[in-house]
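A lone chain, given as structure tokens: the form predicted alone.
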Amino acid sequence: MQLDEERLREVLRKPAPLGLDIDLQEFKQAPEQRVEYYEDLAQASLEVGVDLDKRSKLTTFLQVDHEAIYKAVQKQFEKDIELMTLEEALEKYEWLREYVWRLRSPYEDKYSAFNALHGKGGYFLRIREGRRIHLPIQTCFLTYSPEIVQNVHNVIMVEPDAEAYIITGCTAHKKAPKGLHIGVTEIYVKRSAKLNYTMIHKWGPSFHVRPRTGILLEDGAELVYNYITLGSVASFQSQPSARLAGEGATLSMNNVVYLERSSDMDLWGEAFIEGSGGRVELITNAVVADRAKLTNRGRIVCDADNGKGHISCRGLMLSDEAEVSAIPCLVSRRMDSELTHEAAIGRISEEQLFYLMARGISREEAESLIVRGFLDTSPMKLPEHLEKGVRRIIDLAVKGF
């Protein structure tokens, strides 16, 4: 895509249409000096589900600040997977330029425009036709230097009849309490391909996050798109948008959220059913504590025969100072479509507490059990080894509640 730099700079001057408007001038575009040694990378990445100790056995991509410091495809998968920085891929494949900025517009808001003008890093991941990769592919983005913008662009391509699991961890090192992460990701799931894509985010009370994701599903394609965020974040504003362009395409978009302190999160998800027989689920389970604020927006638009969609938002409030808003939207342009939604916001049930306490469990332990149980990961359809890892991360995040 040919970018219009003048138009991009014009968009940069406009306030963000949703969420807290961030002054991009507060952040540095690059670290003041290149860091030769990164402390505690393995521990920081493990907290968001990426095990660097297994990088010799698993396909892994690791970017710190603006630099890809590790990327490797294991020998047994060299004919199945391509993994490289997006810059390397664009040099290697001329045709790839037709896929970059195809699913998200660089002109849609100031963060996308900033990414298009100043983006550094990100990866190109390709699962070749007919290959089925059941070991997880690990990618990790870690901000190490304080007060910088980590500004990445990723392209994922799952070719026809291929299948893969991807786990992506995004976090900030303790040395970088303040920063901004802008991530553009474009996901192409081709005919009859399957992808399970799980993101785990853990930032900090002074960090701002602006992901932008575009998704295209062809005939018979299946995508399970999971997002988990734990702890506190200064502000978060996300707009994943999916097109089910092919017949019989299936999307399950699942959010598990645990917010605390003064976090401000605007979490959006939308899907457009364009091929007949498309199926969509948008599910959010959120626990909100302290003074945290969550706005959950879900939208399904059906323009095809026999389309089905469902939006579910459940919010559990642990404080009278917290705030949860659920804003579902359903649009149908076909008489035989079936679109539904449900939303529920409340507190921990005294009946559940009494039931557990009657069995010898303290009130504190009972509350913690209920919170952990509320953050249900079963819709994520993770393989057993990943499910255990994700549950362990959630348990550690809410421990001591």
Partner chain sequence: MLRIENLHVEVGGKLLLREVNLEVGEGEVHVLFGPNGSGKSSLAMAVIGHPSYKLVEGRIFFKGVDITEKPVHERVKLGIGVVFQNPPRIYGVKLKDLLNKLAGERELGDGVLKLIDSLNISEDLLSRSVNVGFSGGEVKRCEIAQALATNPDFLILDEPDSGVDLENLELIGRELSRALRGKSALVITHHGHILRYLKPSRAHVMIRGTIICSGEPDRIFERIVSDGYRWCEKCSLMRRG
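Given the structure is predicted, the values throughout are model-derived calculations rather than measurements. Positions refer to the first chain, counted from 1.
The next section is about a form of this same protein that is not shown, the form predicted together with its partner chain.
- Site residues Q352, L369 and D376 are all in contact with its partner chain in the predicted bound form, judged by any heavy atom within 4.5 Å.
- In short, of 328 to 336, 65 to 73, 50 to 58, 360 to 368 it is 360 to 368 that has heavy atoms within 4.5 Å of its partner chain in the predicted bound form.
- Residue contact check for R314: one or more of its heavy atoms lie within 4.5 Å of its partner chain in the predicted bound form.
- Its partner chain in the predicted bound form is not approached by L41, whose heavy atoms all lie more than 4.5 angstroms from it.
- Looking at L356, you'd find a heavy atom of it within 4.5 angstroms of its partner chain in the predicted bound form.
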